[in-house]
Every structure is written in structure tokens, then in C-alpha cells.
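Heads up, the chain below is alone and in the form predicted on its own; it's given as C-alpha cells.
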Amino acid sequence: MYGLIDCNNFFVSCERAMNPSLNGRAVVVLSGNDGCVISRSNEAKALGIPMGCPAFQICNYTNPSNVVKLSARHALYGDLSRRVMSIIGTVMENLEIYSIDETFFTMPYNDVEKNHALLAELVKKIYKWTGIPVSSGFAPTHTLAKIASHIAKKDKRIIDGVYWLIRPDAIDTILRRTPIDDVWGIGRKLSQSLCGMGVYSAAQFAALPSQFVKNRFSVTTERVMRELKGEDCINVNPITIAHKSIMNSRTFGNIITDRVAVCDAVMSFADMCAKRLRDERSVASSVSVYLRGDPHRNDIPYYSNVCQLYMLTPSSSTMVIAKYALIAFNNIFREGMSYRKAGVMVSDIMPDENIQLDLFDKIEHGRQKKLMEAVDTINNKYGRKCVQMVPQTLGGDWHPQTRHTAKPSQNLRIYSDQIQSLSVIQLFQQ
């Protein structure tokens, strides 16, 4: 059996964990540059505000003063996500992290009641230790576990946050009540095609001939159908699998023409890419930099370009990756152009123990690795920007606009700073 834990309204829940005064209020979290809604509280959903709603259109659904708008703080969300996953990992095995707020895992018992009690206790523990409410479900397959978790989140009669789908009669009843567009793996276009064929529920979809679904759609769609029938045939990438490529990019808060400002952004992105490589104990063989103007502006010339360079020896050193990123940036930057977005991508990633050194490479990679380990140790203890290996400014025109940054109380701010250096267990013990 597979279980799934899904954080409820995750970004909003993170903000509420840091500022309890937001509880009971309509809250939305906005995307980069405060563009559109990417997370909503239940109160905001009740007002009719849809996901992806542009911030300026909130007034079409309610008085904007009734809604608390907050700029996204992804560093906070990532930190709380890691804490939630760590708590789950102390109880469950074979974690398969699907997204920042969802993870699958293998249930430890064959007994339904034992699994239910264990998950109910875990749901309480996560809320007690992090302040994040979660819902959970378990079933014979990943797809059915996803449906069970969705029911646990939506059904107000479920008070312990856990729902399971095991009995065939119960599965059949739930599938008949589940719209086809609510099935995990069925996208908007596919659901429209199925509805055009008269397939409106998950039960109707599961009743289709297997070969017909494979020929008419795809093997992946056919596997979703088999999962609904109780056949385990979908694998989610486990937590231990590293990325094939890593990218950091931003849409700037303003149009930028200054070379130094754009270069500052590129150096910051290179630094973040290198740090993520080291966190995964990986190295990259190539570095790509792209620059792009604003395609929606007709009053300024549009320019877009990308440059990819291969390093002599794969590396995760901030200094090495920033060096190649700077060369790539100088190759494509054009004076007099206006820039709205930039990004850095490292690719051809491999484990750091498989490095093949180049005979003509003058960089001492052994010393670079020790230096990066020392820098990461200092930054992990005293703060992410305590030691910087490449020149970066703390602010600037390239940073996204955050006009709705949360302002927690002083006590909450101190608490937020303190937990950055605490493990989940240490936090609980305090």
C-alpha cells in the first residue's frame, strides 16, 4: 500500500505558521513580481478567487481590502517543506517526493487500522512541530492514494486528516463520484477529449478497454487507468535521484539596461546553482546563460540570446561556475538593449565522486572542494549570505517586486531566524 501526505494550501499555511494573526482571514500568496495568485486560503477560495488570478483582478471577486495579499517567500517555503519531509522520513520509508508540498511513501503495515492510526498520529505531529496542516490518504496504488488524500482534504467530516481506499466497493463508489479532471495525471486537454467521448467520471474512464486507451492516447494514460483498477504500475522518482539540470532565473522587477546590474543577477544565479549542486553532492559539466528582453513591450527593441560553455573538468565550485557564467554573459550581452529576464543553467550533472580530471586544467579542484565545504559550513551556521564567493549586491533593480512582503511581529521574526540553524528534532526538543 502507498500513502500520500499533502500540505493544505501550503504557501498560505507557511505564512500563517510565521504569523498566526492571518488565521481565519482570506489570504493569497502572489507569484514573482506580485503577478498572480499561486496559493489561496479556504476563506479566499470561498470568495471565488481562482488559482492564477492576476492580482489586479481580485477586485472582480471581492473588495480587495477583504483579502490579505502576500509576496511569495520561497526560501521560507523550502525550509518548512524540508522540515515536513524530514518528519515524515522519521516514520515512513521509501519517500517519493512529488512536489514541494507532497510526498508518497510505502505504508509499513498490511493492517488498515494500524496504518490509519499511524498516519493520524503523524498528521498531528507535523502540525505540532511545524504549524503546517496536512491531509493524508493511503491505497493500493499511487493514483488511488492521491484521490484518497484529496478526499481527506475536502471532506469536512474527516476530523483526523486521514482517508483510505482499500475495499473494492468503496473504491468503485468514490470513482463514480470523482470527476475525470480530478484524476492525477489527467490534464485539462485530455479531460476535454474524454468528456467529448462521454467519459465524465473516473469510474467511466477505468471501464474503458485498456488497448483502446493506449492506442487512442498514450501508454502513460493507460497506466493511470490501470492504477484506478488497483494495479500498481506508476513509479514516482525517489528523493535520492538528482536533477539532470538545475536552473535559476528571475523576471526582473524593472526593465534593466545597465551591464553591471544584469551581471550582478547572473552572478547571483550562478552562486545558487553551485550551492544546489553541492547540496546534491553533484557536479556539472556545462554552464548556460540566457538573457531576454520584454516581448510585450513595443516601445523598446526586443533581444534574446543564450550561450552554453563546457568546463574542462566538471565542478560544483561557485568560483568556477561563476567564472564560466561571466564568460558566457560577456558573449551575449549587448549594450543599448533592455533586459527583463535572465537565468543560469548547469547541466550534464553527475555524482561528485565520478569526476574525470583534465590534464590541461589549471584549477586545483581538490582545494576548491575543501574551500566550498568550509564556506557552506559557515553559511549554514551563520546565514546563507555570510560568506560570498562572487560579488553580489543585496538589492537592486533586478530583484522581483515584493510590494506585499509579510511583516511578522518581533517575536516571530526572532523565532524565524533561530529555526534556520535548528534541525526538526532540535526544534521539537526546545
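Numbers for residues come from their place in the sequence shown, where the first is 1. So that the term is clear: the rigid core is the largest set of C-alpha atoms that superpose within 1.5 Å between two forms. Quick caveat, the model's predicted, so the values are computed rather than measured.
The same protein has a further form, the form predicted in complex with the DNA, not shown here; the description that follows concerns it.
J.: Sort through 216-224, 107-115, 257-265, 75-83 and report the only stretch with a non-hydrogen atom within 4.5 Å of the DNA in the predicted bound form.
T.: Correct option: 216-224.
J.: Given that the DNA is left out here, which of 129, 184, 303, 333 has a heavy atom within 4.5 Å of it in the predicted bound form?
T.: That would be 184.
J.: Would you mind picking the one in 124, 177, 297, 167 that has a heavy atom within 4.5 Å of the DNA in the predicted bound form?
T.: Of 124, 177, 297, 167, the residue with a heavy atom within 4.5 Å of the DNA in the predicted bound form is 297.
J.: In the predicted bound form, does residue 246 come within 4.5 Å of the DNA, counting heavy atoms only?
T.: Contact with the DNA, yes.
J.: Can you check whether residue 368 is within 4.5 Å of the DNA in the predicted bound form, heavy atom basis?
T.: Outside the cut-off, so no.
J.: Taking 4.5 angstroms as the cut-off for heavy atoms, does residue 101 touch the DNA in the predicted bound form?
T.: Contact check for residue 101: yes, within 4.5 Å of the DNA in the predicted bound form.
J.: In the predicted bound form, does residue 372 come within 4.5 Å of the DNA, counting heavy atoms only?
T.: The answer is no: residue 372 has no heavy atom within 4.5 Å of the DNA.
J.: Since the partner is left out here, which residues of 111-147 would have a heavy atom within 4.5 Å of the DNA in the predicted bound form?
T.: Residue within 4.5 Å: 146 only.
J.: Once the two forms are fit on the core, has residue 270 moved its CA by at least 2 Å between this form and the one not shown?
T.: The answer is yes, as the C-alpha of residue 270 shifts between this form and the one not shown by 2 Å or more after core alignment.
J.: Is residue 208 among the residues whose Cα moves by 2 Å or more between this form and the one not shown after superposition of the rigid core?
T.: Stays below the 2 Å threshold, so no.
J.: Once the core is aligned, please say if the CA of residue 111 is shifted by at least 2 angstroms between this form and the one not shown.
T.: Not so; residue 111 is displaced by less than 2 Å.
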